[in-house]
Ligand code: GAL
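Have a look below at one chain only, the form predicted on its own, in structure tokens format.
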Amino acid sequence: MRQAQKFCWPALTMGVCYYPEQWDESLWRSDLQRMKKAGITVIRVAEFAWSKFEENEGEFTFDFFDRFLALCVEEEMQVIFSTPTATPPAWLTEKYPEVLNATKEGVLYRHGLRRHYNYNSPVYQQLCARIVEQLAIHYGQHPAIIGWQIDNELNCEVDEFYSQADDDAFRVWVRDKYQTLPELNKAWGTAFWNQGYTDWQQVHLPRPTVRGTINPHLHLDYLRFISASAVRFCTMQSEILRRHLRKGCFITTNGLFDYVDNHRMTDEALDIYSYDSYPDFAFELGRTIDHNDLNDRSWSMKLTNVRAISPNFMIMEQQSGGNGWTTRLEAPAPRPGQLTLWAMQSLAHGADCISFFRWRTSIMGTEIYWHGILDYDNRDNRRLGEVAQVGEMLRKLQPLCGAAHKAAFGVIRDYDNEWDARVDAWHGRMHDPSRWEIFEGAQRSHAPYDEVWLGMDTEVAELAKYQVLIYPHAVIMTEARAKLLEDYVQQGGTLIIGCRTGYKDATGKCVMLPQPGLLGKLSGSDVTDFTFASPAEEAPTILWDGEALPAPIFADILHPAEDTKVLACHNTSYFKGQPALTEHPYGAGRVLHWGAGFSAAAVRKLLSYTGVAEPFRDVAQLPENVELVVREKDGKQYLFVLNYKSWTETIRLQKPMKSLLSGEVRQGEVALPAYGVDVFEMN
């Protein structure tokens, strides 16, 4: 069972990211005063400011931030202070090049950007521990500081590590895991292509090979190693901070990036998880934009993932202006209303603190086009006006602070399958498209859902909260997970599995069992044949109750057990007419086996069949372009409706409900303007 969240915001809060080291000191007080006027009460600082504390090795000074924090006390501004380990100073990387990350070919990443270090260099660990300790001793009891951010965006920019320090650490990690070379050779299947190891010194990180192909079992362990390294680096800093912080200070870090077990990191090192939300990426120049697509609404899928880590999280960086570097990323400014919409999107999905990035657009460096609230000219503008509007909205929505998300169903994920999908092209071809189609099907069905991540200590009670669970393509299946799923179904749950389920073990090797492997007894199905959809044939469909549903990418041809019902059949290719969807009763529950990749249309049909589509239809009727999110607290439910389109949409409230934003009681047709948001209280 996962630990309960250790810190929750006492009130809905608005913040901003600020960089005093980038601005003349004469601006500081007026900046803080203007922030407060707009409703901002918290700022994040110092994540890239190592040289302000240690300009030369071992010479520590705190005068600069002492002056700034004294001003924060005077202006009653609260501060989230950061450890500055994401950008080591030039003296460090020049003197200790072993701290640098490298390409697979061994070329070092040099000073000049950020996140160019590796987690495993003993020298870097020592120097990071020292600067963190110095900061914690000096600022740990400071009255302005309410929380600490560790590093910045772990595994951002680069999420693979090939330095000599990483190679050495990987060998130790592998030896600790497998203990003996025979066990390692067995796990990695080294009998294939004569890859066997006879000495531990022969074990290395993935290295350049013919055609770039890596032993998939080694590769899967390598991704696990990257995660373990990042978590250890974060935990090292957290343990130092906790020795010195005043009571009540929280510890966080901001993500969400690949190859990090964020659940483990949060349990071991953090009090609350933070996310950086930039929906404007959906409109980056060069993309083909379909006005019927979900576009910026797709950030709700990412927020759903964050909520699975911290049910009530914080946004450390919330979009306030257009994205852009001098070298890449060109995106338009948020249209009037979008800044507010995106902030409310975060709030709807569980954020109790929203911190905008950033106060003023930088006038120097790579991110001069990553716009903040203010432009270079420092004048009040429409974005500042919207930030003030968000502050006013948060004041009206205070009853929601700490409210839980209300889900109609759950989607199961786990890190083994997440990372195997990055290693195995066949798996990856299924993983990402199906995850997206489930999200789109749920969004258009107005069926809010949660992500449920399985870990070593997950208990059936965590699954039993959901009437229906979808486990899209559980390629890797273990006996422990199979037993957990069996217990969930046995006590009355409905489990939906997709094609390509259960044919690998935890090492990524295929098992000599009929698919779906360890879940065969539970699903009451046997995969007798399987294939990718052929580009030479018509697009695959599955016929269910006379409706031809898209069934993309892959097909499992199912053979049902005696007590298993066939609900639908394949409608194309040589397997036309063969079972494609089965339903098997098990204990008080049932298992549905969908023998294909998921499509949004198929998801909507499955949700309807299992009784979880449109769970709030008796409360509100909404067009597909409007997102529905519900939060719940103290017996009350709060219904968020968000319009992501540049035109007015009309919703219909089926019963009288009070708008927390306008204070009016509404029923019947309600116009939701372009990029408009409303929040209704349901008793």
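In this text, all values refer to a predicted model and were calculated from it rather than measured experimentally. All residue numbers are counted from 1 along the displayed sequence.
Beyond the structure shown, there is the form predicted in complex with the named molecule, which is absent from this document and is the topic of what follows.
Tell me whether 117, 155 and 258, taken together, all sit within 4.5 Å of the named molecule in the predicted complex, counting heavy atoms only.
The answer is no; none of 117, 155 and 258 reaches the named molecule.
So in the predicted complex, is the named molecule close enough to residue 278 to count as touching (4.5 Å, heavy atoms)?
Yes.
Give a yes or no for residue 554: in the predicted complex, does one of its heavy atoms lie within 4.5 Å of a heavy atom belonging to the named molecule?
The answer is no: residue 554 has no heavy atom within 4.5 Å of the named molecule.
Would residue 609 count as touching the named molecule in the predicted complex under a 4.5 Å heavy atom rule?
Because no heavy atom of residue 609 falls inside 4.5 Å of the named molecule in the predicted complex, the answer is no.
Spell out, yes or no, whether the shortest heavy atom distance between residue 420 and the named molecule in the predicted complex is within 4.5 Å.
Flag for residue 420 set to no.
Which listed residue (437, 317, 386, 416) meets the criterion of a heavy atom within 4.5 Å of the named molecule in the predicted complex?
Exactly one listed residue reaches within 4.5 Å, namely 317.
Considering non-hydrogen atoms and a 4.5 Å limit, which listed residue (188, 544, 370, 162) is close to the named molecule in the predicted complex?
Checking each option against the named molecule in the predicted complex, the one that comes within 4.5 Å is 370.
Which among 534-542, 474-482, 147-155, 92-100 is in contact with the named molecule in the predicted complex, heavy atoms within 4.5 angstroms?
Answer to the contact question: 147-155.
If we check the named molecule in the predicted complex, which of the residues in 31-53 reach within 4.5 angstroms of it by a non-hydrogen atom?
Heavy-atom contacts within 4.5 Å come from 48 alone.
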